[in-house]
Ligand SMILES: CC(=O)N[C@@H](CC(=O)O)C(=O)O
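First, one chain by itself: the form predicted alone, in structure tokens.
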Amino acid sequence: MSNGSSSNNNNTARFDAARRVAIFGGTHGNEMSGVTLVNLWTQNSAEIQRKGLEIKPFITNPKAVEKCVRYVDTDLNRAFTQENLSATGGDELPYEVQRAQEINRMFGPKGSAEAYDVIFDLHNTTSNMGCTLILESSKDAFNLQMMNYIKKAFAPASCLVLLNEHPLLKYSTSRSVAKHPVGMEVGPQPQGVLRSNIFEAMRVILKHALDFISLFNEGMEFPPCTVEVFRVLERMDYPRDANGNIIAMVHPNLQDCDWEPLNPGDPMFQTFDGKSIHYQGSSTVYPTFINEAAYYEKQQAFVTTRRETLAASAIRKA
């Protein structure tokens, strides 16, 4: 599948058929929905088979899965930099860097014509985010059309789209090896725990995603559409003292309120003696990943986003 697309006179973007699709689970070893689904589909793939598609379910970080931890040496979902992928040192390298190189060989190389067409990377969050698809590029008409299809098929339940395109905040994900990377976050679910409603929601979203690829490959044209997204703006850290210790927690008015408007002057944090710290921004934002357990180490209390509507051209198979 071409990274870009050519357009004909009626502005329909044409893409090669998507023949090779991977489903990653266990990029973080304690996020149980993806781990369990991939293990299930590795044993019996009937549910995910689609005509003309080669679909590979794959455990990305087996050592972390075995220990039920996020990672062993370093975060695999931040490891796919060109520097790491070209690093020499073999067994001396951190485990996840070795693993990134291995995954890049199997499913990439990243940025090449040989790379897998689509990678779905399945994640859980402890935040009250519900079902969220993660889009890496606002210019990827194929992924925008897929996400529009999923949102409609999943209705009346909600499935939101987080656009992670910020040049300073974008990171080198395991899915970035593919031509069309798709992240999936479903929560709230504690680390190391499997909740049936979260598991089933992830399963259903993936079914719709594979249906979309199958319809596209069969020649269906998808008309122009618009997709509401939440564009990442800024990482917000917890208030800290001079030694780096956290001195305030997420305010009760903000806790569990992912995707809800945070207005200038609204309470954001609460100190241990009960004082409120207010949001000082100049405009309304929509926070998400609020109080995510895995992000304490990354000095992140939540991220702010802005609501936008993206237009996607019509697409069809070349």
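Residue numbers run from 1 along the displayed sequence. Bear in mind the structure is a predicted one, so any value in this text is a computation, not a measurement.
What comes next is about the form predicted together with the named molecule, which is not displayed.
Colleague: So the ligand isn't in this model. With the named molecule brought over in the predicted complex through superposition of the site C-alphas, is the pocket blocked (at least 3 atoms within 2.4 Å of backbone or C-beta) or open?
Modeller: By the 2.4 Å criterion, open.
Colleague: Check 175, 185 and 289: does every one of them have a heavy atom within 4.5 Å of the named molecule in the predicted complex?
Modeller: Yes.
Colleague: Which of 134, 198, 115, 159 has a heavy atom within 4.5 Å of the named molecule in the predicted complex?
Modeller: Only one listed residue qualifies here, and that residue is 134.
Colleague: Of these, 78, 110, 166, 203, which has a heavy atom no more than 4.5 Å from the named molecule in the predicted complex?
Modeller: Contact residue from the list: 78.
Colleague: When the contact criterion is heavy atoms within 4.5 Å, does residue 295 count as touching the named molecule in the predicted complex?
Modeller: Contact with the named molecule, yes.
Colleague: Using the partner position in the predicted complex, report whether residue 238 sits within 4.5 Å of the named molecule, counting heavy atoms only.
Modeller: Taking the distances in the predicted complex, the answer for residue 238 is no, it never comes within 4.5 Å of the named molecule.
Colleague: How about residue 171 - does it come within 4.5 Å of the named molecule in the predicted complex, if we only consider non-hydrogen atoms?
Modeller: Contact with the named molecule, yes.
Colleague: Against the named molecule in the predicted complex, would residue 99 count as a contact residue? Criterion: heavy atoms within 4.5 Å.
Modeller: Although the named molecule is absent here, residue 99 would stay clear of it in the predicted complex, with no heavy atoms inside 4.5 Å.
Colleague: Go through 87 to 95, 148 to 156, 116 to 124, 222 to 230 and give me the stretch that gets within 4.5 Å of the named molecule in the predicted complex, heavy atoms only.
Modeller: Looking at the partner contacts, the answer comes out as 116 to 124.
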